[in-house]
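Quick setup: the structure tokens below cover two forms of a single protein chain, split into structure 1 and structure 2.
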Structure 1
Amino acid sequence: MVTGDRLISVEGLVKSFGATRALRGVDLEVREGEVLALLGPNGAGKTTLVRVLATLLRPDSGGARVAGYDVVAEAEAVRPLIGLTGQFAAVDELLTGRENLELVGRFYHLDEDERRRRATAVLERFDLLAAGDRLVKTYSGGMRRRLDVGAGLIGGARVLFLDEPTTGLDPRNRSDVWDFVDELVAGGTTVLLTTQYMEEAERLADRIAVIDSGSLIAAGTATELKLQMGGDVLEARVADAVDLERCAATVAAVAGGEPRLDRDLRTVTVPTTGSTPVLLAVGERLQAAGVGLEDLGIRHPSLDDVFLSLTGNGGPPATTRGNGAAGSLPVAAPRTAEQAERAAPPPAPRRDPVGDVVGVTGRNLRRLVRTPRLLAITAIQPALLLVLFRYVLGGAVHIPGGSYVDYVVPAVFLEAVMIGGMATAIGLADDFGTGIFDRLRSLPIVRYAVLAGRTLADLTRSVFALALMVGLGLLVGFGFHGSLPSILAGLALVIFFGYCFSWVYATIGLLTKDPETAQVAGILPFFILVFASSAIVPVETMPSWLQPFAEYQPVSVTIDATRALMQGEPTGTWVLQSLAWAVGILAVFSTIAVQLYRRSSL
């Protein structure tokens, strides 16, 4: 179904990563209801182009529009119209298959009944209904890939980006995906497909564009591209691989073209226009040279021949026959009034910031509940610190007018929520590695929802760790001496500071993009602020050069305020200083994190 109405328009798109130029002035148009296959070798720029169109990357220059909307300036209007399936299965293994699909449906702002209906339909279509309520971590690789493709379809996208969607699928499941794409296109969906499978491109695509080294070098239908070979293809298969080079030299000398060797299949192929006379001459020369053959023949060129000719030995042609200039697809015909009416911009996308945050928070809380060992690890670290401070250092540190237990335990409360907050950095970095981050960024949700939902879910982990530390503190002799409102205020202050500080960890996760690196980097601010504070020893016992920093830094004033509240002592300005620090940290690092989220790329 091709209506002729332009739905994707790319003009002069340029994108570089350092010294690597991924896109070099790409021009491209895709018409409504069309399947365009984007072919090219690894590193050609296919995925970069998809990421720009899916609002995940900002181009350095040039422009791109989807359904008339600029992918940079009007990204919020683009996202409700698109679906994205990346190169890797971006599904959450700690959710069920159904939960993954319904979560995506929620971010398209479908009501509960509709997202359940669509999730069931996708599970049925991809033969996953029986496994729909199992955790994805129990799925095979093929099942995960099918679920990932289904997630890209759950929103009823007008434009669907499929980045090598059938990689890793067996022939049956690949055929199922193809059939589903056919159904979507019949219903009016426009598809931009990147693939390494020539058969897939020829089976699905109305038109094919070939990209190499960041430039679009040819475009047209499969038939038009095959015509560029200039005729048929002569293919010789040698009986012994040692004769492959001699065979190639002989074939090149007779046929006059540049031969292509396949050492695994022991074949030499070359474009030819002489057909039978050339075939006979090659056979005679090879026989005279003593080259044993298993097969020799003339065949029509395949899309593989075209692809390898354009991106490899043969080099790109100057023009695309029957399709205008190489490097661009034909401009669509002017729209009729009926087409213009049908393609009119849809209503402004619905925004539901609270629902988006709740959805992300719910996803992370499910992960938390389903990995109890992470809760245990969260509690073990501060518990070890408490035991160390209480039984190892407790006898060596003198606290004038009080006990060391009452001095150090409130500090451990704060340390517990700070350690729990590190999960924010690790979780965000993990989402980068699994591709979930890109999926979320391509969905029509408010930009801060992913970060706010992550930090709120990890706040639950911190509250859990704090509750355990309160119990453990009582067991080792800690005593609350303040009033109940004062004690609760102290605990609330700890939780609030911990939440605000989790945005520091969010920034670290977005900068590192790797769970192991995020964990190591997250320890650094924790180590500096805790051990250069009043957490373990009074500030006045520290070296004089360190005392000014230790006295006024945020962890010290929060710990001092917490101690005073829990012991019923005067708080002075500590509470106000702690709140000021917490609000300042939240304001600065949430702003940085959201900006990093907007601009981050893998």
Structure 2
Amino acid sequence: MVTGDRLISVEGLVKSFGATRALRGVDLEVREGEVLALLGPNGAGKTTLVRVLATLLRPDSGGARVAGYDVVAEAEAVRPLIGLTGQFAAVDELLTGRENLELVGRFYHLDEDERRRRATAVLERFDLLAAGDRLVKTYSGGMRRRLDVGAGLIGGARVLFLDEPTTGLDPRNRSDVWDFVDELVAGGTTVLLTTQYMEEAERLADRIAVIDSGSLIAAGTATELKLQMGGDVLEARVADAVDLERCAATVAAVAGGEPRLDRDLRTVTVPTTGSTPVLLAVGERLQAAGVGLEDLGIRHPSLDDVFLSLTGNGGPPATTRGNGAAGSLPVAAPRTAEQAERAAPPPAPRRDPVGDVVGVTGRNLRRLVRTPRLLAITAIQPALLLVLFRYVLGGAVHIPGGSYVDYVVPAVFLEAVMIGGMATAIGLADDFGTGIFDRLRSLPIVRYAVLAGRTLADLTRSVFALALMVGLGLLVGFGFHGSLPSILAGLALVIFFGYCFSWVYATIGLLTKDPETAQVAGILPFFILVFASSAIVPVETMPSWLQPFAEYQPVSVTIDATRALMQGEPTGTWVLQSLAWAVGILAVFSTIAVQLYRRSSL
């Protein structure tokens, strides 16, 4: 149901990654209700183009609009209109199929009933209803892909981007996805899909744009592209592969075109405008040359032939290819039409910051509960520290007027929370490399929700570890001597400081973008701040050059405040100093982290 209005327009799009020029000035348009297939070999720039259109990548120059909105400057207006199924799986393994779908529905700001209804419909449509309440990690590759395609649809997008939607699917599942695309299009959705399968492009697309090495080299309907081949194809299959080169030379001499060899199929193909006389001449010449044939014939070109001739391997030289095809590219609509589109200001997107944060937090909490080993290890680390400090150092360190166990246990409380925060760095870095992050960034959610949801969920784990340390502390002889409100205030201070500090880890996660590096880097602030503090030994016993740092740094004042609160001793200005540090750290690092996240996502 192509209505003819321009829904996507791309002009002069250029994007480089270092020295790699992924897009070299792409012009393209897609009309409302149309299916456009972007056909190209590996590395052609298909995914890069989709990522620009899905508001995930900032182009170097040129621009693109979806429904009249600029994908960079008005990304927030674009996101509610689009659905993305990226090339790589963007489903969460630790959620069920249904949870995955409902989560994406929540980020499109559908109400609870609606997202449940749509999730059921998608599960049903993709034959996943029976598996809907199983964790995705138990799904087969095809099931994941189907769920992934389904998740792209849940928001009822006006434009759907499908990056190689059927790669890895068996023929039955592939044709199922095709049928589904047909249904969507019948319902008015516009689809831009990428594919390496000519058959798929021909089957699904109203128009096909062929992309190679970052340039669009042809566009048109399948028939138009075939016509561009300028006639038929002569194909000869030799009986013995050793004859292939000789056969190619003979065929080329007679038919006049550039031959293409397929060693697996033992075939030579060449474009030809001639018919029977050419065929007979080729047959005679091959027979005379002693080349045994299994088959010889003239057929209409397949899209394969077009694709291969356009993207090299037998096609004309690149320069003439580019120029020759440019004439068939869609002509950009006159400026006035665009201005008319632009006249409409972007609608205020529906915002639900609280719902967004709750959604991301919920997702991370579910993951947390479903990885009990991680939960256990979070608690084992501070427990080990506690036992080591208590029994290994305990006898060696003299605390004037007090016991070492009362001195060190409050420090372990803070360490437990800080160790919990390290998981924030690793978790964020881990998400960063997956398609999940891409999907989240293409959704109409507030930018800080992904970070706030992560830090809040990790805080829960820290509180769990803290509770265990309180129990363990009591077991090894720690005594709370303060009043209950004062003890609770101490615990609250630890939790608050730990939460603020987890933004340092969020920043580390976003800077390192890799879980292993994040893990190593995350130890550094912990190491420096905990060991050069009053956590384990009194500051007075440290070298004099270290004392000023050790006395006033955030971890020291927080531990000093916590100790005093737990023991019912005067806190001096420690509580205030700790709060000031915590708020300062939160302000600085949440700003940096949100900026880093924004920079990675427009």
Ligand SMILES: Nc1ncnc2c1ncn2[C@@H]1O[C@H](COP(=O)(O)OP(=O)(O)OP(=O)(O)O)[C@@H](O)[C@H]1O
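Sequence positions of structure 1, starting at 1, serve as the residue numbers. Keep in mind that what you see is a predicted model, and the values were worked out from it rather than measured. We call the rigid core the largest set of C-alpha positions that still match within 1.5 Å between the two forms.
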Between 1 and 2, where do we have the form predicted on its own?
1
Is it true that residue 140 shifts between the two structures by 2 Å or more at the Cα, once the core is aligned?
no
With the core lined up, does the C-alpha of residue 156 move 2 Å or more between the two structures?
no
For residue 281, is the CA shift between the two structures at least 2 Å following rigid-core superposition?
yes
Hey, core superposed, how many Å does residue 265 shift at the CA between the two structures?
2.8
Between the two structures, C-alpha offset at residue 254 (rigid core aligned, Å):
4.1
